[in-house]
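In structure tokens, one chain follows: the form predicted alone.
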Amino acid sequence: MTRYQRLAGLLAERIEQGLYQSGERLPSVRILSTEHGVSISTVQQAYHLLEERQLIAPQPRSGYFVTPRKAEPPVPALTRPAQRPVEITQWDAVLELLNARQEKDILQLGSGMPDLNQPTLKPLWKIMSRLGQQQDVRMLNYDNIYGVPELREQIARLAIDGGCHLTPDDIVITTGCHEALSVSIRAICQPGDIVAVESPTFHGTMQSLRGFGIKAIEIPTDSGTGISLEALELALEQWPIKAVVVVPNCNNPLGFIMPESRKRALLALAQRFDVAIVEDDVYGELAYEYPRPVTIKSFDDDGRVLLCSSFSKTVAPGLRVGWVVPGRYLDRVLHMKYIVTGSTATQTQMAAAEFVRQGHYPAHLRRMRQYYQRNLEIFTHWVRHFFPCGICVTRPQGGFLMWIELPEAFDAVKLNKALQEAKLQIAVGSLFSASGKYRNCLRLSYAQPFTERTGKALEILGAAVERAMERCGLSVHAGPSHEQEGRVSERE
């Protein structure tokens, strides 16, 4: 982090803590330069960064002032899904979301797509170009079903940061994390089985369960600490659950990092009831704090955790390079992979292996963590500015996705249809539920650069939310309810 970024972070922290009040004049450039022992240009850059984040605003011949802000909305409370096995729905809505990727003029505000225009990806382009020019016939041939050895070796080294000590033979390369999740579920379950999932959870996992004829039981989930272990224990006592699917690090869509003590407790619960854990760690490397959080797999001593991940969110989804560490289920995972794809494309595996081996991957991750964290600050400000009161917003600890909860009478599905005229699309909350819950919620992405178009889109979205709430007879000016304030204070 540069000097001006550190200074900007310090000033932002003082603003958040109330040391600089709303509307208050900030110290002059010269005073800050002397106080912190930095150049005037460093202070000017720091102020420019805070201005970009909408935390401060300049006034001609008067200096910089703290921007007046609305009160920070509370975080969503513990979810309360119907805790019984259900048939999974929502495929048509998921397909509509996927098809919108082809529409160049639609701005997808809820997409799970990382930013692909960063300079730290330039080495990857060069590596791919060089591999293509070599005309090595291996690039056009079938690969080993386990995956390219060089790539598995690099992934084993990367896993150390997550607390896992693996060998290349522990790892199976897949076509993205989606295939890793799918083959893991199929290796454990049969049609008619029951799987426990966080609620809300990734819609791709839901649709895999649907396609395999597996029922889901949604478990209440807290936006700060993750799946309710108490509710999961009750479900395990009541139903013949075969596996638990979780995204404990930088959760999609809630953004939390599950505390380490709860990860250990979840594993102990799985051991007690003899069920498998499918751990989706695709966003884990994008945690804002370093070192990155450990995986549940790092505590696994009997091979019941299947760790799934990929480079889709950290580097580029078009590589289609993922992996699974299947533990005791290795043979069955290999069989399922053979049935589905046989082997993964060779050239992108080699490119990913070289990108990591040459040291470009850690540098890229450092940049993306800072970039997404900065985008979160900007995005959160504009959501607070444009959206009406009465909403709850998550506080992501990594990744680039946030979850917004509106009053229960609100219908985000209708809102999404109304936004089509403005060429905007959100990811409606019902996509992330087996039974179509969370119609009053939406997922937003802050992965892409914040531009004038993005700001205008959020303004349109906020106004549309306000109109919809007024039509429902909901208050758009009152602050959070006493109940919501109580939830926030309890969690703090």
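The first residue of the sequence shown is number 1, and the count goes up from there. All of these numbers come straight from a predicted model, not from anything done at the bench.
A second form of this protein, the form predicted in complex with another copy of the chain, is not displayed here; the remarks below concern that form.
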Residue among 83, 380, 298, 346 with a heavy atom within 4.5 Å of another copy of the chain in the model of the complex: 346
Position in contact with another copy of the chain when the complex is considered in the model of the complex, options 420, 133, 167, 261, heavy atoms within 4.5 Å: 133
Contact flag, residue 193 vs another copy of the chain in the model of the complex, heavy atom cut 4.5 Å: no
Contact of residue 143 with another copy of the chain in the model of the complex (heavy atom, 4.5 Å): yes
Close approach of residue 288 to another copy of the chain in the model of the complex, 4.5 Å, heavy atom: no
Partner contact for residue 122 in the model of the complex: another copy of the chain, 4.5 angstroms, heavy atom: yes
Contact segment among 329 to 337, 225 to 233, 157 to 165, 253 to 261, judged by heavy atoms lying within 4.5 Å of another copy of the chain in the model of the complex: 329 to 337
In the model of the complex: members of 243 to 281 within 4.5 Å of another copy of the chain, any heavy atom: none
